[in-house]
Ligand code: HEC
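Just one chain is shown here, as structure tokens, and it is the form predicted alone.
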């Protein structure tokens, strides 16, 4: 089978999948209430969601906020770039190596493995680790802040609005503010990250790295043909630019919007979308369990179940035995979080609140994957001090290279966010109900790995080998 035919078939698959998603999205207009009438439980949850500002319609606002339709042809180009090692100067990793469709386009590891990996994406991935767990990309079109230390953000609080500027660490600063969306600007950064894909052999600064990536793309007849389909300048003989690269990557990420979970369908009137236990769990989430205080849905949260602010939540500190990064603290086994960006010691150990949509797809939790059980991660929030002081890497079955001596926990707990200072007591039944909501009520079934696996191309335009993905 020719490479051209293989890629063409992949394009047909992705377009068919896009059409299927478009048909699915009609559910936003078709949900109906329970013909038997709302129960008191339904009425109670409806009132809570209304008070919280939750509509269940955030996905349907994507194109209106973009001001255009998603370009499926450009998105498919972004998909091929996503999985092609050509764009990583170390020639061994891609976006997909850390943001994997096996796990909601998030990490397969507790702490990410970037360059010098074994070409496997899944539980058996090996290599030097980075500093944190790779966050999920799904629904990131609605995130006003990106990354665990909030180092990429829209100053307007709206990722679709660049009017106040798009802030990045030096050397980029505000220089990417002309990009139309935060994700388009963010796409300029990963190719320059030494431990993620760039490696340490290539000399030069970020601009030099990006120039070399463009040299590779412009030197590929296959990529020039593909970019020429979406950009007239390339078709007419002009060069592929990094603006084009960023647009393609972002367009693919726009297609990875999966925010039609049972809670959304309930909010739109389908009272049968949630089980009674999930409804009671939702009431706990928005009420007695106090989850919504940080995992909020209103305003700039864009119904993503995160306030997108930075908090100290008492996460146990773990560090890998072999890493390409430099950890903080005298023992080089700490992560100072937001302080690394702000330079303010008051921000030490602060990390951005994790959005909770589709969280059941993750194999690990917290910024460093210290917890491998969703139940244990939630229990930690309910009683942070007890959880942190009794934490054991062995109990979480962490990988051997993450199971060594822990970093100090006392200074972390000394800065604990007051929101989490008082324990929350739930009965076993209440905890089970809360977990039913978090695990099932927030999961869009379209994001399951058996669906997303079709997005992995059989071949990529460069002809480089595609990484091996370990799907369940």
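Numbering follows the first chain given and starts at 1. Predicted model only: the values in this text are computed from it and were never measured.
Heads up, the form predicted together with the named molecule isn't pictured, but that's what we're talking about next.
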Quick check on this chain: which one of 79, 271, 348, 352 has a heavy atom within 4.5 Å of the named molecule in the predicted complex? 352
Of 267, 183, 153, 256, the only residue with a heavy atom within 4.5 Å of the named molecule in the predicted complex is 183
So, 260, 263 and 455: all three within 4.5 Å of the named molecule in the predicted complex by heavy atoms, or not? no
At 4.5 Å between heavy atoms, is residue 147 in contact with the named molecule in the predicted complex? yes
Counting only non-hydrogen atoms and a 4.5 angstroms cut-off, does residue 100 reach the named molecule in the predicted complex? no
Taking the named molecule as it sits in the predicted complex, is residue 278 in contact with it (heavy atom to heavy atom, 4.5 Å or less)? no
Using a 4.5 Å heavy atom cut-off, state whether residue 127 contacts the named molecule in the predicted complex. no
In the predicted complex, which of the stretches 285-293, 159-167, 393-401, 226-234 has residues with heavy atoms within 4.5 Å of the named molecule? 285-293
Give, in sequence order, every residue of 191-208 that has a heavy atom within 4.5 Å of the named molecule in the predicted complex, or say none if there are no such residues. 191, 196, 197
